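Quick heads-up: it's one chain on its own, the form predicted alone, in structure tokens.
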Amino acid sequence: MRLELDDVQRDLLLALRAGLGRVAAADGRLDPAEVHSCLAELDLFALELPDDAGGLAFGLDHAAPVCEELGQWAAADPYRAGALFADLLRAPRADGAQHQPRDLDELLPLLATGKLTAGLAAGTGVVATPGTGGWRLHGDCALPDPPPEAAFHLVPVRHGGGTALAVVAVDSPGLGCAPTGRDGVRRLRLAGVTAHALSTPLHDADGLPSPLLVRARIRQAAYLLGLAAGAHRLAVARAVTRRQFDRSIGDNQAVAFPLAEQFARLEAARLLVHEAGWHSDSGGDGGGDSSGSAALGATQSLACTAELALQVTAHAVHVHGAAGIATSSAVQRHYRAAAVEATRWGAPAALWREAGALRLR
């Protein structure tokens, strides 16, 4: 495993950073439609897809820097949902079939070009029951930052076999979507909605995360790492420019030392995320003895970055003082995004317990 980015990873990162920089507002805010256009122009939606689906056939090791960069801007991220949708279409189905129906399989080229987008819901409030014509979904869940003109939503659902992911079309009968009191977060209500596809359980009978969940966790860990790194960068800049008693507050050890400690932890977390991506790309999530390496790496890197994102963004708001409380401030966007994204795939404490169990296998 390399400890530094290779030339391709570095070029991807710099191209995305330059593209986002051109469309960002003066305060760093990014319009979700502009983010989507930027990713599509750079062909980044095709990054992980295979050649026969119009993809570039790179792995998670190259996708992680993209997710991290989107987190650095606290940008709405259509990449993770699109990549997860593509993984789900290529994965075995809950009924035992090896692939999804042909009509869904034909969606891969559209995902590769960014012409098809999906929202990624969160929560445990939706139940799937077998019914006439397929699985029926009932319940409600949160839908943070759905991409513009999303055609499908990916919804976590509970059924007799455990928790799985369901695909629902946005125009399905019985599906409602309404705003909530939280900025950017919507509420999905499902009343007898028919699932277009249902994944196998996200954990097997022995508690091992599925390859689908492993890959989703690694992308999520990279995005959370970006949120933490972006907030840390803002805090360092604020510590230099904010002055009290005729000197920068960063000259005080009580401010500088925690920022230095956080920088070291960010670098360690970055290595964890890239190691998990490297294990997954090396076949570590495909079964066999090495399956535990990717599963453990994905789980512990997500637990680590989730905790780090919550701690670093909160500390960055503190460094900004009253300015950090304003909803218009950049650091507040990182803080709010971390509060939503840190628990999307489970609370950090639960992830650490799962990682511990995986390490003892």
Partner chain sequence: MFRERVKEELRSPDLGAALAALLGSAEREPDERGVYRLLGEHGLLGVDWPRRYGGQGRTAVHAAIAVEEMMRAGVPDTLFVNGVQTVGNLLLLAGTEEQKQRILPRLAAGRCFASVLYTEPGVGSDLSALTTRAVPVDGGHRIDGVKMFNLKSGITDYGLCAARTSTEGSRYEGLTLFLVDMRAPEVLAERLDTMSDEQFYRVALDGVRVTGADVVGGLGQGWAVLAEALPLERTGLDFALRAERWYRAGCGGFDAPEGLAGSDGHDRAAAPGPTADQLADIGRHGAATSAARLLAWRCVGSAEAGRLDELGTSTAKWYASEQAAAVARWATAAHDFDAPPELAALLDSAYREAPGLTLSGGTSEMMLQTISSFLLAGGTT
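Residue numbers count along the first chain shown, from 1. Fair warning: this is a prediction, and the values are worked out from it, not measured in the lab.
Below: the form predicted together with its partner chain, not depicted.
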{"item": "Sole residue of T129, T113, Q253, T180 within 4.5 Å of its partner chain in the predicted bound form, by heavy atom", "value": "Q253"}
{"item": "In the predicted bound form, the one of E106, E149, E267, D171 near its partner chain [non-hydrogen atom within 4.5 angstroms]", "value": "E267"}
{"item": "4.5 Å heavy atom contact with its partner chain in the predicted bound form for all of A15, D52 and D87", "value": "no"}
{"item": "Which of 172-180, 186-194, 255-263, 79-87 sits within 4.5 Å of its partner chain in the predicted bound form, heavy atom basis", "value": "255-263"}
{"item": "Proximity of D206 to its partner chain in the predicted bound form, heavy atoms at 4.5 Å", "value": "yes"}
{"item": "4.5 Å heavy atom contact, G134 and its partner chain in the predicted bound form", "value": "no"}
{"item": "Contact of L234 with its partner chain in the predicted bound form (heavy atom, 4.5 Å)", "value": "no"}
{"item": "Heavy atom of G19 within 4.5 Å of its partner chain in the predicted bound form", "value": "no"}
{"item": "Residues in 149-174 close to its partner chain in the predicted bound form, defined by a heavy atom within 4.5 Å, in order", "value": "R158, H159, G162, T163"}
